[in-house]
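Given next, in structure tokens, is a single chain: the form predicted on its own.
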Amino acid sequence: MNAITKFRTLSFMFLTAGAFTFLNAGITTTLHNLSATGTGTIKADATEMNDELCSYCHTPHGASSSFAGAPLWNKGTMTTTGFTMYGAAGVDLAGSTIAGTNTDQYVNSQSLACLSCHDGVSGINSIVNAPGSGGYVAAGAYVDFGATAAGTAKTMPAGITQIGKDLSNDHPVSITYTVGAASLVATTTALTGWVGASTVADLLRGAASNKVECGSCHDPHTSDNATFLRKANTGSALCLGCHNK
């Protein structure tokens, strides 16, 4: 191997290693690191073998087969009904925006994945498989979570992160993205500087890929912007990505 080839090889290895380091560090320093190594106040008990960051949402084996909203979902008990949609007259009813677009009757699974912690009712520490080898627990069991002992649900405390089950005062989710309504731009519109999206179409979810869900504005795996936003909302840049106001 000559000097130039060796330099190129070492440079590639360095850049590649750096890239993997960056990717792996994505969730480590965020509040979604619920392991004992997390930097937030809501996290697992330090006495457990719980340094597996991903296990509080995902598991490689024996995942929940009743939930299709996220891959290899490891959450145990979670609520799927009893939500008040944006513009709805009551619980478990479809709502409507002032632009005339209807929400779905029930929250779709892509947003339920987020609400399985943020609804303030479901246990954040309710998982199917506990961290560590051979850590299987019965579905819906609660693992130790800080001052909350095993067998007891740790729910999201009051505050901005507790969305609750009344979604009538939040941006509508489980709603079809309708070009023109509320000044919504074409789905082919290019996005610059967004996390995980280069066009508006990349933000939409569901079988028909046309629904606005929590993940349309937030990416739970990154710390690039405050509150996991896909785009910093300076000058309302996040809002203006979809709404041509």
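Counting begins at 1, following the sequence as shown. As the structure is a prediction and not an experimental result, all values here were calculated from the model.
One more form of this protein should be noted, the form predicted together with ligand HEC, which is absent from this view; the next part is about it.
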Report whether the minimum heavy atom distance between A68 and ligand HEC in the predicted bound form is within 4.5 Å.
no
Taking any heavy atom pair closer than or equal to 4.5 Å as contact, tell me whether N129 reaches ligand HEC in the predicted bound form.
no
Though only this chain appears here, would C117 touch ligand HEC in the predicted bound form if you measure heavy atom gaps against 4.5 Å?
yes
Does A44 reach ligand HEC in the predicted bound form, with heavy atoms at most 4.5 Å apart?
no
Y177, C217 and T227: each with a heavy atom within 4.5 Å of ligand HEC in the predicted bound form?
yes
Give me the residue from A36, L31, A197, A63 that has a heavy atom within 4.5 Å of ligand HEC in the predicted bound form.
L31
Judged by heavy atom distances of 4.5 Å or less, which residues of 156 to 170 approach ligand HEC in the predicted bound form?
M156, I160, T161, I163
